[in-house]
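For reference, the chain that follows is the form predicted on its own, supplied as structure tokens.
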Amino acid sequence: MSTWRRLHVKVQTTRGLLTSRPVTQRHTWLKGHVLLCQSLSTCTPLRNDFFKDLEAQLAAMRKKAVDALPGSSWSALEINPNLPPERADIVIVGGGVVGWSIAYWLKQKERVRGEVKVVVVEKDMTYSQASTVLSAGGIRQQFSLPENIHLSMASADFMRNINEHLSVLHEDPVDLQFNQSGYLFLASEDVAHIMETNYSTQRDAGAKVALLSPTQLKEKFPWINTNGVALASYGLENEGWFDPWTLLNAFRRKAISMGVIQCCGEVTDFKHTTNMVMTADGEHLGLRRIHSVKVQMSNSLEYQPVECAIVVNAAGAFSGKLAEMLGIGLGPKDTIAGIPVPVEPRKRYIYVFHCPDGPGLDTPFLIDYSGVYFRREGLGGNYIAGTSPEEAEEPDTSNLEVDHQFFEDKIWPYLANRVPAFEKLKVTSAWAGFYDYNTFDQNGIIGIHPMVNNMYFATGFSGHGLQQSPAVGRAVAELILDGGFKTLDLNGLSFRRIMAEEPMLERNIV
């Protein structure tokens, strides 16, 4: 009862506190046998002190109520602060470099700050198995398709000026460690004509590339054995390698600073509706629309449905499996519903080796016509190398274990042949990562799926998603917010080619 009286006194006091004119009043109340006098004014500090005191009184009352219950350790259940919001405009599934690039560009393009609510869902915030950070980190314009050339040129320009885009106030500037030593492709007599065709395409697109004869190649890089080399293609600018982890973190840091919400969890289901329509061929087709995604929290039984207007599938090597949750590819064969998203994980090994007498600072990212590649890794005679296996020899993708015999059998002989100094080397470490491999034509898939009218895809880049991520993120944001591509024409990379069975084959896949 005494507590209530004290609260009554405080409430009565507020009447004096909230008067509209600065006055000083003297009030007197009788509390028991104590005469209570208090001088009141309308000044802000006293008002703040009053509410702090009131809050303390209420907290004490709550504590007494809790202590009165059986078991003094009892506490009310609290909401998990890591749960995603119940509603968002756009949910991006996949927090790799492509997903975070899309998130950044969506916020960059919004007309009013906070206009677009974006959530990025990533199941492994350690990125221990992420394709982004397990790649070789190369960037090149030496492709055979104009779309890939333009994507990489735009991305290289973004990276050269990265702090104009991704700097954050009061944070350290971004240092990509962008080493522009170029790519050097070698061609045998059998494929030299393809290199010449690719060179013309690259030059027409604006890429700075030069063709070298074996003699010119030997003069520029004396450490190369030119036996078997008929022609070489060398990138003069905007090619080389950079730190993948830094690029990923730069996109993520900037996007979060702009209001993007990060969620550690896994999308395990979709709530959607289906409308049946008939195609021109008389085929019954179920058109789906997603209404919410179910996010299962990591290491927990908790999950959160997130209502959304748009979903972006940037799940990389596992984007095909995500699409299957909506029935994509699970329909009858020879129907639209039976056409899967042709993206699957392919495991690739990267080996680090030491050779104190190897090539020096002018070493480019060299791609031998055998498929074996290597580049310098830092200083002190360290290098990384790898190659893609034959189709029939694709390794098991259930784990990321490294086959060390693969280096001995498939890589070292070609390294030693092309660079005699590599006859003596020592492998110091190795790792494996996944390509989001497009089995249809080894090219990216960018755009909306014809069966799901609010799911956009950015996947299937088959090893060059990291280097193209800045331009890909902008392209997807344009599709969503502008209704079409504005900067680069990437319509050729849509699902249309897959439905029409018209592959856009990229010849320069490493």
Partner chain sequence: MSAPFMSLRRCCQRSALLIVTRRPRSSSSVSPSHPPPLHTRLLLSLTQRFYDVEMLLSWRSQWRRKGIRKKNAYYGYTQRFYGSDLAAAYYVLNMKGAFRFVGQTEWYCPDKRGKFNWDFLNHRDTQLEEVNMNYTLINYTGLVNLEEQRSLRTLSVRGCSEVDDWFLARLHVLQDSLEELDISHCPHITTGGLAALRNLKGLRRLDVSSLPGISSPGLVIILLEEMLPQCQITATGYDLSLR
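Numbering follows the first chain given and starts at 1. Just so it is clear, the structure is predicted and the values come from calculations on it, not from any experiment.
Note that the form predicted in complex with its partner chain isn't included here; everything after this is about it.
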In the model of the complex, Lys333 touching its partner chain (heavy atom, 4.5 Å): no
Quick one: is His170 in contact with its partner chain in the model of the complex, heavy atoms, 4.5 Å cut-off? yes
Heavy atoms within 4.5 Å of its partner chain in the model of the complex: does Arg140 have any? no
Please run the contact check for Arg111 against its partner chain in the model of the complex: heavy atoms, 4.5 angstroms, yes or no? no
Thinking of its partner chain in the model of the complex, which stretch from 436-444, 155-163, 192-200, 319-327 has heavy atoms inside 4.5 Å of it? 155-163
Checking Tyr303, Phe178, Tyr414, Tyr369 against its partner chain in the model of the complex, the residue with a non-hydrogen atom inside 4.5 angstroms turns out to be Phe178
Note: exactly one of Ala392, Val277, Leu361, Ala280 sits with a heavy atom within 4.5 Å of its partner chain in the model of the complex, namely Leu361
Would you mind checking 231-249 for residues with a heavy atom within 4.5 Å of its partner chain in the model of the complex? Tyr234, Gly235, Leu236, Glu237, Asn238
